[in-house]
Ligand SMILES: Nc1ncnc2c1ncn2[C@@H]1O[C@H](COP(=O)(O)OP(=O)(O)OP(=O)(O)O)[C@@H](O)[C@H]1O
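A single chain, nothing else alongside it, follows as structure tokens in the form predicted on its own.
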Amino acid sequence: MRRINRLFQIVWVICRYRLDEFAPLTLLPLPLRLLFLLAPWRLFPKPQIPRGERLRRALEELGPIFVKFGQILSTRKDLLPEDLADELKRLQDKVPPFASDMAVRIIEESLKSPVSELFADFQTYPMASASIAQVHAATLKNGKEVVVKVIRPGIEKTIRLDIALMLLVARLVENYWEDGKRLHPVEVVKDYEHTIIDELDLQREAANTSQLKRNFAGSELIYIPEVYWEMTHSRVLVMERIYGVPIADVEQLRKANVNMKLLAERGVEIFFTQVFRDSFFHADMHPGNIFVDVSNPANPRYIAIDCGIVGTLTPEDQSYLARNLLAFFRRDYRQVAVLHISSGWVPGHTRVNEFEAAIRTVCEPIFERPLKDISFGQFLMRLFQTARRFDMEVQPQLVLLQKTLLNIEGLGRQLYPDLDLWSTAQPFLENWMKQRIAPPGLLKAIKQHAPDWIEQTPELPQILYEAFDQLRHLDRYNQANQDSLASLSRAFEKDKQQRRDFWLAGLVLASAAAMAIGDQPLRLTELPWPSVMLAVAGLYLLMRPK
């Protein structure tokens, strides 16, 4: 029932703000187009406010999941009209706040002390407010300036309802759309559920922040603020206050004479360092979470906050991804095709030559061109067409990485449109691959795995014995597998036959009943013989041994 109420609430907001205006009707199939044209929202008057404001207010009313979607869109001026992108920027840190006395109550309940005892100064009006939490400025008793992040009350309930609706839609898509199974929508939504629920735990965010700070200790690329663990709770996080220019304020960065080329290149380097060196990356890098330290404009440094969402990759995915990217940078499209097939990202029966040609067609138009000359919309369209043609499956474990890459690419376009993404990233990847196979990299891997090898050494004779035993009885195992497969096949055929008999019997019995009713029989003995014969045949089909 709560899901139905939430669904009505979503439809109500769509009607109220007339969001149907944003649907690309000409691209929709005819049934959906008719549904949109006849839907109830057309009975509502259009609010007399700009369309960007209508969209932004609707996303704010719909809650955190929709606000996050708006945050991603706000970085894509290449895909959205400028007035919409500018209005959606307000979703990055200017979502309407919740009451300050509520924030104070949450802080005092969580940290078990009055705010006046915890801080020398606490500003009740929030300095920033986003989809999940809001932030207040404060000063500790020792004089250090901090920010206090507080989770929005009651937000988890709304998120869980929206996730339940998303899962329902995902299941419908997976079961009834021809591309549904390839896109894995249910798995993607479940992964997203874990991600956003984890974001509600500020202790987890504090742990992520501490890990990122260690990974970039002393780095001139990025600075991560310090966490005050003694004042951290699942609903409250106290961190060092930082000062910098918001990354979205490009005009202010230019006024400060920041080296924009270096800043954009460092953004790319930070991304690849996190993904490949550390396998631990900040996965919510929208502009509201990134600032720039302009104290030395010739050597600008990023400042990252809000580390609630981080991503990791398995060593296998990391290796496949790096090899794919390197092959792509070298325009070795055959190698890209082979790697996609061997990693299982496309079906094993795919013809390498055809896939190689398709990849070449997608990639050549964008290669070695600056971001400003690449039509991201057209590139995505060609990519989706290729993925569909070759039955390429969505990899749920890479969705978070792709979302982050989307943010980074959008930022690069705003900061330095002449950025050559390829020549910036290639040296880093080549160096990373060399380090992996060079003696220091091999030594590091050996050191990492040596304790496991040593621990398992006493078990080695038993492991060898079991391996030889399995080899010796391989024929028996194969025979058992074949028997199991044959048994499954028989069960499948039996089930198919039962269903076929059921439907046929139903048809025959229905025909018998229709004939009997048509003749209006009064007694069983007066039934017409064709009706009786059909009834007997139908019963035989239902009851015969299978």
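Bear in mind the structure is a predicted one, so any value in this text is a computation, not a measurement. Quick note: we count residues from 1 along the sequence shown, nothing fancier.
Not pictured, yet referred to below: the form predicted together with the named molecule.
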> Just one of 336, 91, 239, 415 has a heavy atom within 4.5 Å of the named molecule in the predicted bound form. Which one?
Replying inline: 239
>> Please identify the residue among 196, 400, 147, 222 with any heavy atom within 4.5 Å of the named molecule in the predicted bound form.
In response: 147
>> What I'd like checked is whether 130, 286 and 289 together line the named molecule in the predicted bound form, meaning each has a non-hydrogen atom within 4.5 Å of it.
In response: yes
> With the partner left out of view, is residue 73 within 4.5 angstroms of the named molecule in the predicted bound form by any non-hydrogen atom?
Replying inline: no
> Taking 4.5 angstroms as the cut-off for heavy atoms, does residue 68 touch the named molecule in the predicted bound form?
Replying inline: yes
> Just to confirm, residue 162 within 4.5 Å of the named molecule in the predicted bound form by heavy atoms?
Replying inline: no
> So in the predicted bound form, does residue 138 come within 4.5 Å of the named molecule, heavy atom to heavy atom?
Replying inline: no
> Using a 4.5 Å heavy atom cut-off, which stretch among 130-138, 311-319, 346-354, 263-271 contacts the named molecule in the predicted bound form?
Replying inline: 130-138
> Which residues from 294-328 come close to the named molecule in the predicted bound form, meaning a heavy atom within 4.5 Å?
Replying inline: 305, 306
